[in-house]
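Take a look at this single chain, the form predicted alone, given in structure tokens.
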């Protein structure tokens, strides 16, 4: 009877869902922005798909993710249940801030999404087109204020590249950096700045409701369902995509890294995640393992060149 009882317990345990891990995901920015949205979308999909039984999200904002990544690298070393969201913004911020902790100090797992930059003004603005905004920029670069994400991040790079393409000295732009998408959005909606720039998904609902006017987007071709010209077709040779990634802490064993990678791969191919990409308007740019690490090294080098070119890095 005792053996039967033990066998029943073992059989019952085996019948339970085999969750790989309970994860804690750090979004190294304030609530409301792209990293926060990505972290919470990962949380929902990992749980919905049964890949993880319990996923928590923590926000550690500041300095383009460099505060978060420093904390993550030191406090979570060797922990296979911790993840951090990052991306192109972090690459630029690390270079601009000359941060002591870099992406070399964590374990890159995969690039997940890509999103193009959108330039908007409040609906009450007198500026009706991207050409009108550039005319104002040419007339007095300092008088045109831009709200965007962290200094040296994708938004800042995009404004610098746009200024350069328009024949304006990119070092003269008046760029106001916000640590979270919610803060930047409030500044734009409150007409505290001339224009705003961020990934399209962060403005989509306000554009669709009529609270914001979309002037242009940084894709190479027009995007279906997005009623705006590209910067390129408007005569400004700027194409830029903001990608986002997920990384694990340093100090993982090969087996631990493989287990995390397997979970992220399950997530990336899941129905829940694919639906999330469609809902959010995020491109599926999934690239994992060694291939991602090689691409990341190229992106860091290219970004350093761009930042030097527009005067953000000496």
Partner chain sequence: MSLDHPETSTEKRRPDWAAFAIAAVLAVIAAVIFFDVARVKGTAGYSQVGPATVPEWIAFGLIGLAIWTAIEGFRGDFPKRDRQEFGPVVWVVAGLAAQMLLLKTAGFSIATGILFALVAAGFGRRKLWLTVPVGIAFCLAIWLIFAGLLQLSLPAGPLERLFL
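All values reported here derive from a predicted model rather than from experimental measurement. Positions refer to the first chain, counted from 1.
The following text describes the form predicted in complex with its partner chain, which does not appear among the structures shown.
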{"item": "Segment assignment from 217-225, 119-127, 238-246, 134-142: heavy atom within 4.5 Å of its partner chain in the predicted complex", "value": "134-142"}
{"item": "Touches its partner chain in the predicted complex: residue 77 (any heavy atom, 4.5 Å)", "value": "no"}
{"item": "Touches its partner chain in the predicted complex: residue 59 (any heavy atom, 4.5 Å)", "value": "yes"}
{"item": "Contact test in the predicted complex: residue 81 vs its partner chain, heavy atoms, 4.5 Å", "value": "no"}
{"item": "Contact test in the predicted complex: residue 71 vs its partner chain, heavy atoms, 4.5 Å", "value": "yes"}
{"item": "Single option in 173, 109, 103, 195 placed near its partner chain in the predicted complex, where near means a heavy atom within 4.5 Å", "value": "173"}
{"item": "Cα-Cα trend for residue 168 and residue 299, given that in the predicted complex the distance shifts by 3 Å or more", "value": "closer"}
